[in-house]
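What follows is one chain in structure tokens, specifically the form predicted on its own.
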Amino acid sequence: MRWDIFCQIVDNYGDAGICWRLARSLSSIHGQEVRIFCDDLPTLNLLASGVDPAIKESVELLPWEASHNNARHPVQAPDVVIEAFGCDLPERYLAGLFIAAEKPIIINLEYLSAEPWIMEFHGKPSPQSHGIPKYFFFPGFQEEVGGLLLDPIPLAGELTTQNIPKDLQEVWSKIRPNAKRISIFCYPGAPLRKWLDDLGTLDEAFDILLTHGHAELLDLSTGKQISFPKNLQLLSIPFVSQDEYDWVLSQCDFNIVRGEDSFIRAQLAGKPFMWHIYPQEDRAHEVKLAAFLDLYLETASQELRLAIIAAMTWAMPGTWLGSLDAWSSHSRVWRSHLLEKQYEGGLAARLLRFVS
């Protein structure tokens, strides 16, 4: 089938990352014909870099404006149109669909949530005045909803590989063999400096891997002389592709992640992580985090539950880091649980079945 995915970037990386991973899954794994129309093509191209050229070439990455000159209509309308995260389709593109001989299905792909209420709304029609069928599709952890975007699924043996990606070799040459590794990818406003200062009070060495742009959050790129505890080594990694970032997650003892894509990839890495969920003014993010933790901690001991909840809410690491070994074991079990429940029905596969 032919798929058109529309992506308007709200967050710098997350929305584009989800759309690219979905497109590559539909194309390279399920043999679909896919185009992405994006209003920030440079960011999308960066995320898609570093992958097998055959995979990248199998998906058309197009600027938002290119949808106005849809060469397929009216003879070849797409079979499926995806409005990623509820973005509105361009009016001229939608007008082309009205006169197409075969009308597509429009999918409103919603944000990922573990909240139980999504089971009542997933797959339900959203009647439109123009008459083109449109449906809500909710990614999620439960079997009754849209599944998780898992592809590519890292094999267990790949999680400990030392085949360092080219773009990361310089940074990795500075990694200390006896230090714990922590990667950081969070939103502005996180108490990051205070968190690192507390880490510096512990009797252990830590290598802190700051993803692109995080040196600025700590004022490290302004020329200021800022001192950090001697047991911390701060290393900035360059902007890397999705696959290279996945490798970083697999090589760390603890990961701070944000958004949807890195959130799922951290779980697939089988490592302890903190999800810095996007803060919302009405505090809805707290409800979403609690819903996820209800699932994630279902089999955890009370001691581990309290430690993980503390970590997820930016408690200082000295209060919970002693539970890291138990958390590591829990993370591996959770990874296996995800793959067992989702492998035959991840997001791309469930979308295909739903559309069919």
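These numbers were taken from a predicted model, which means no experiment stands behind them. The first residue of the sequence shown is number 1, and the count goes up from there.
The same protein has a further form, the form predicted in complex with ligand TRH, not shown here; the description that follows concerns it.
The chain is drawn here without ligand TRH; in the predicted complex, the stretch among 143-151, 125-133, 261-269, 90-98 whose residues come within 4.5 Å of it by any heavy atom is 261-269. Within 4.5 Å of some heavy atom of ligand TRH in the predicted complex lies at least one heavy atom of Gly17. Taking the partner from elsewhere, Gln242 is found to have a heavy atom lying within 4.5 Å of ligand TRH in the predicted complex. Ligand TRH is not drawn, but in the predicted complex it has no heavy atom within 4.5 Å of Trp172.
Contact annotation: Leu47 falls within 4.5 Å of ligand TRH in the predicted complex, judged by heavy atom distances. Though ligand TRH is absent from this view, in the predicted complex it lies within 4.5 Å of a heavy atom of just one residue from Gly86, Pro238, Gly189, Pro116, which is Pro238.
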